[in-house]
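A single chain comes next, written as structure tokens; it is the form predicted alone.
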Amino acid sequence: MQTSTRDRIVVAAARLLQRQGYVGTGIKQIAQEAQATLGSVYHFFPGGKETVAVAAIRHSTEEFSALLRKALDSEEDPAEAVTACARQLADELRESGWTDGCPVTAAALETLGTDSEIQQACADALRGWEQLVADKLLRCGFPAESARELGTMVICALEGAEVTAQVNRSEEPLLVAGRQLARLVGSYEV
């Protein structure tokens, strides 16, 4: 099945944003990576680079949500599920040569303090991932408030651990975060 030009543009932009951030990614580079003309990029995204970036962030959000959901569902025990998430992130980061970290981190940090669509898409991504973790915990019998707060804690810790792992070119920060988060999750009596 052939990928549409629009989809190639979105996927190329998503990979470039993940590796280079919003500021470091140009519209011409997106077109080149997507094997599309600049005219095609503007045809599908008349708002230009920001519009492409928002579509790319949403695409990356869905990809990461699927990875997170799969890791969370791989273990029945919620503490083990959190450890599985950290291991999965560590494996993928190592396999990418330490370049493919969180798909929204760079764009989120570059647009801090703005009321842009990019910032909103990044915030939506993080909230959605927190909710996926909270939903797993709710299914395991955690009270709603604890599940919500732990969902936030897990995503915050994994985000920080992933950046630290990238910078240090080491899986250890993610593996340590996974073990410690599992201890935290396991400390709740449900």
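Please read all numbers here as calculations on a predicted model, not as lab measurements. For every residue, the number given is its place in the sequence shown, counted from 1.
Omitted here: the form predicted together with a further copy of the same chain. The next part is about that form.
Peer 1: Tell me which stretch of 22-30, 39-47, 133-141, 57-65 has a heavy atom within 4.5 angstroms of a further copy of the same chain in the predicted bound form.
Peer 2: That would be stretch 22-30.
Peer 1: Heavy atoms within 4.5 Å of a further copy of the same chain in the predicted bound form: does residue 148 have any?
Peer 2: Yes, contact at 4.5 Å.
Peer 1: If we define contact as a non-hydrogen atom of the residue within 4.5 angstroms of the partner, is residue 110 a contact of a further copy of the same chain in the predicted bound form?
Peer 2: Residue-level check for residue 110: yes, a contact with a further copy of the same chain.
Peer 1: Can any non-hydrogen atom of residue 51 be found within 4.5 angstroms of a further copy of the same chain in the predicted bound form?
Peer 2: Taking the distances in the predicted bound form, the answer for residue 51 is no, it never comes within 4.5 Å of a further copy of the same chain.
Peer 1: Does a further copy of the same chain get within 4.5 angstroms of any non-hydrogen atom of residue 10 in the predicted bound form?
Peer 2: No, no contact at 4.5 Å.
Peer 1: Considering only 114-135, what residues come within 4.5 Å of a further copy of the same chain in the predicted bound form, judged by heavy atoms?
Peer 2: Sequence-ordered list: 119, 122, 123, 126, 127, 130.
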